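Quick setup: one chain, the form predicted on its own, written in structure tokens, and binding and motion questions come after.
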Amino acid sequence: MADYGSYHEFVSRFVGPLVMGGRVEVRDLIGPGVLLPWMNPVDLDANVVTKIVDTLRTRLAKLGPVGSITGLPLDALALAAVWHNLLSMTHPEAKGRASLRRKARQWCLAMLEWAGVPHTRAEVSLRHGVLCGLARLRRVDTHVTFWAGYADFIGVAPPTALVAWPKVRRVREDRTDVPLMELLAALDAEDSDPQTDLVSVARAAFALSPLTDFAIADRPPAFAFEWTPPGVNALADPCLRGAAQRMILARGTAALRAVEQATVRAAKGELPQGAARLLLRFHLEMAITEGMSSKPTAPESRPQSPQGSQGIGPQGPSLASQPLAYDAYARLGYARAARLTGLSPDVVQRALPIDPNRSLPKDPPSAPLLARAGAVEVRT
């Protein structure tokens, strides 16, 4: 299949559907040489770009004030090209081709280096605006059986002639949706050759778009969420930090646990105090947000838990979703948690009432993070 040498073709057939929804076309590998002509494209279709930018503007307005959006930034397009290449390499026929995997790795790393680390709220937001459709991507594979045999079509529709006269020719089509997480698993090759390693490329691509990294935190073990400098830096911005918290909460328990486990691993390593305090604030705020959005249950309808270990307080949310955050909160107390988050103590206490009779675990999950952050336990 032909490659994406044209700016218009790539924007209209890959980036556009990725942003606005629709059928995303994945073709042959894109090389870093396209970035130079894409800086001043001669085939730019203003109508297509305007539609994409309008969708970006509407979507990013939900995050907060991210700045003006006048076009498609080239760094975001470079990251989109990297993801195009990675998706191309998920095809079953690409897995055993070492030379093709080496080429894909080299080209992707070159484009990642060119895109660089995002430094501003606008850069982080626009990158995610272009890539946020990744979480919804599905490849449709079709298995066709007919009177003379069968045929498989990976990511493409079977020819019309093949499926014609289904009753006469005993044609049956079985479609399978392969979500992004299963597609990424195909990048993990059996050999250990670092020159063909595409897993680390995917991890680096996630890291350079922090909000996308947060939005798909519940990933397979090979691509497990980890805290990276771009991700931690993004948390310093209140707008981005709030957006990340809402994304993770919307994703559910699996994403919450993935992020907390990453924080525990980071706290056990060489985590600077400033970064540790930022992560502590991030988790406390996320727990408070969940507590404020949860509906309290009546005492008579609430199931009893042994030793009071399943809730913060009489009407608090379950500890199952954010054990690290709730443990840290219970040990610090609402007053200190309020100072760390900059919220009113009354608001914090109402969102997460502490049960003084609840026993704390002997091996607290928040201990490494509290130690790194220099936070002293003040629970009474």
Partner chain sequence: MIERVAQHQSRFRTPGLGPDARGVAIGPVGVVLLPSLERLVAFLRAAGEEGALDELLDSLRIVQVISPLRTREMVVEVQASSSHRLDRLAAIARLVGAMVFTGSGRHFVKYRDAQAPFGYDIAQLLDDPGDLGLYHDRFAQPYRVDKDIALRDLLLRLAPVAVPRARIESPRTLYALVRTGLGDSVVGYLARWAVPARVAVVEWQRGGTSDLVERAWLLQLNQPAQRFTNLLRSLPGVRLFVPDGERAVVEFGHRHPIPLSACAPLFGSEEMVIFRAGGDGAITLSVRPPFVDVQTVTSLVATSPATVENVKTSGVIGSFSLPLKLVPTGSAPKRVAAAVIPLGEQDTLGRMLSVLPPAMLNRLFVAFTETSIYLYGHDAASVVPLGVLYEDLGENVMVPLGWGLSPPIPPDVLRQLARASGDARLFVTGDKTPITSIPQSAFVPATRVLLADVPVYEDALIAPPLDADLPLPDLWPTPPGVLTGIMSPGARGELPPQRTSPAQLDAVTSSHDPDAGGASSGG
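Everything numeric in this text was worked out from a predicted model, so none of it was measured. Positions refer to the first chain, counted from 1.
Unshown form predicted in complex with its partner chain; subsequent notes refer to it.
Val124, Ile154 and Cys239 - do all three of these have some heavy atom no more than 4.5 Å from its partner chain in the predicted complex? Yes, the whole candidate spot contacts its partner chain.
4.5 angstroms heavy atom contact with its partner chain in the predicted complex for Val34: Yes, Val34 lies within 4.5 Å of its partner chain in the predicted complex.
Any of the heavy atoms of Ala275 lying within 4.5 Å of its partner chain in the predicted complex? Ala275: yes, in contact with its partner chain in the predicted complex.
Is there any non-hydrogen atom of Gly116 lying within 4.5 Å of its partner chain in the predicted complex? Judged by the heavy-atom cut-off of 4.5 Å, Gly116 is in contact with its partner chain in the predicted complex.
Can you tell me if Arg138 lies within 4.5 angstroms of its partner chain in the predicted complex, counting non-hydrogen atoms only? No.
Using a 4.5 Å heavy atom cut-off, which stretch among 341 to 349, 322 to 330, 40 to 48, 65 to 73 contacts its partner chain in the predicted complex? Of the options given, it is 65 to 73.
Find the only residue in Thr145, Thr253, Asn233, Gln261 having a heavy atom within 4.5 Å of its partner chain in the predicted complex. Comparing distances to its partner chain in the predicted complex, the residue within 4.5 Å is Asn233.
Heavy atom within 4.5 Å of its partner chain in the predicted complex - the one residue of Ala94, Val163, Ala189, Met181 that qualifies: Contact with its partner chain in the predicted complex is made by Ala94 alone.
Contacts with its partner chain in the predicted complex, stretch 87 to 112 (heavy atom within 4.5 Å): The stretch 87 to 112, when checked against its partner chain in the predicted complex, contributes Ser88, His91, Glu93, Ala94, Arg97, Leu100, Lys103, Trp107, Leu109, Leu112 at the 4.5 Å heavy-atom cut-off.
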